[in-house]
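A single chain comes next, written as structure tokens; it is the form predicted alone.
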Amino acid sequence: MFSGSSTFVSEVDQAFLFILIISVIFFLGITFAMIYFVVRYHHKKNQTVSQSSGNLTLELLWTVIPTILVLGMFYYGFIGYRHMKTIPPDALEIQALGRMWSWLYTYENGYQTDTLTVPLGKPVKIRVESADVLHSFYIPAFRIKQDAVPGMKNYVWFEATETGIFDIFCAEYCGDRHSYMLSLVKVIPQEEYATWYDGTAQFAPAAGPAGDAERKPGSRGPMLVKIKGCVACHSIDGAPLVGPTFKGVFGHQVTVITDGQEREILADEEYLRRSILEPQADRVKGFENIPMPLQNLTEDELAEIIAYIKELQ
């Protein structure tokens, strides 16, 4: 009856169903009692007011019954919570880093993606962290949610029971583009995951293929601006977002605010580099002063992103 996409679906749905049934019973019972008393004790039928000194049986019932029901709800919630907090020792660990406004996933070999890829039928331990403000890692299909708190490492785990692609949301309001903080989890068979994971071993942490010195500069730019979260605030098609667009910026004059003073500056490679590494140094006029998460970029990654931006004319 409670089949779902993870091993937690049954426990969570049973707890909610139990609470729903109790709530419906009380709703119908109280509504019926209200209607009955309105009709039964209408003032036209009861001209003489009578006094009641109390009823011990009723007082015991409305004390004992709600207590039993609350304890039952607590039991269902507790066994599910205990299961969710007991992480299997052989779980595969992946970091989920929340930042305004995207998720970045880092695997044990250092490989990074903007889509979470996990094996079917294998416990997965998610280390949930934040680079800036409060976020919340939420996979509705798996019935799991864990807050991402700056300076803290929180953990949540799951075991997927069916293959497919499922939505990931941020369930904590985190700023202007909170509703755009969307991601996906892709569940694939264990054999396919092993092949995929082994294939990523040739990648240095967030870097290109080893030995591929002849690759075109900027070829990894589209991937890097996604996994580093750049496109959460900067478009590549000219549309204004929270920050200025990347399209057409290189080689043009830009009006910026530097140390409170307005000035014109040429958007050359030095400007792009400084804007990435020191985003508050030269704020483009007309955009809010929203702090950009610090990026842990290698020189190669920085060069790739700059080369890509230069191509967006």
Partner chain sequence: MASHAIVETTHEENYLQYKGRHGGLWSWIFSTDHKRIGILYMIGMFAFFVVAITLGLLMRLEQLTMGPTIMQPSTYNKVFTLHGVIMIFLFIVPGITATFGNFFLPIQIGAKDVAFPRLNLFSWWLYVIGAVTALVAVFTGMADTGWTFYVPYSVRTGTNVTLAVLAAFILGFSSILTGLNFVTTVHRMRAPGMGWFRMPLFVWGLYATAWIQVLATPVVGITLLLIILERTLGIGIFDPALGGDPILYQHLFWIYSHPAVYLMVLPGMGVVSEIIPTFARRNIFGYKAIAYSSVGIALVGTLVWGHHMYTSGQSYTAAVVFSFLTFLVAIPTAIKVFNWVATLYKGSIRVELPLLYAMAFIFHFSIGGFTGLMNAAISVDVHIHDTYFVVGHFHYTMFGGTVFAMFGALYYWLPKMFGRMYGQKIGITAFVLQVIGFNMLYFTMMVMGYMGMPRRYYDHLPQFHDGHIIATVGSWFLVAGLFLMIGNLVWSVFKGAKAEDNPWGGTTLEWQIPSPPPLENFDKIPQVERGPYEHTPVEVSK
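Numbering follows the first chain given and starts at 1. Just so we're clear, the structure is a prediction, and the values are computed from it rather than from any experiment.
The same protein also exists as the form predicted in complex with the partner chain; that form is not shown, yet it is the one meant from here on.
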Which one, Glu93, Asp147, Glu159, Asp114, lies within 4.5 Å of the partner chain in the predicted complex by heavy atoms? Asp147
With the partner chain left out of view, which of Gly164, Gly110, Gly121, Pro140 would have a heavy atom within 4.5 Å of it in the predicted complex? Pro140
Is it the case that Ser52, Phe74 and Phe78 all touch the partner chain in the predicted complex, with a non-hydrogen atom of each within 4.5 angstroms? yes
Partner proximity in the predicted complex: Asp176 to the partner chain, non-hydrogen atom cutoff 4.5 Å: yes
Heavy atom of Ala239 within 4.5 Å of the partner chain in the predicted complex: no
So in the predicted complex, does Leu277 come within 4.5 Å of the partner chain, heavy atom to heavy atom? no
Does the partner chain get within 4.5 angstroms of any non-hydrogen atom of Ser23 in the predicted complex? yes
Quick one: find which of 56-64, 246-254, 260-268, 277-285 has residues within 4.5 Å of the partner chain in the predicted complex by heavy atom distance. 56-64
Within 4.5 Å of the partner chain in the predicted complex, counting any non-hydrogen atom, which residues from 7-44 show up? Val12, Asp13, Ala15, Phe16, Ile19, Leu20, Ser23, Phe26, Phe27, Ile30, Thr31, Ala33, Met34, Ile35, Phe37, Val38, Tyr41, His42, His43
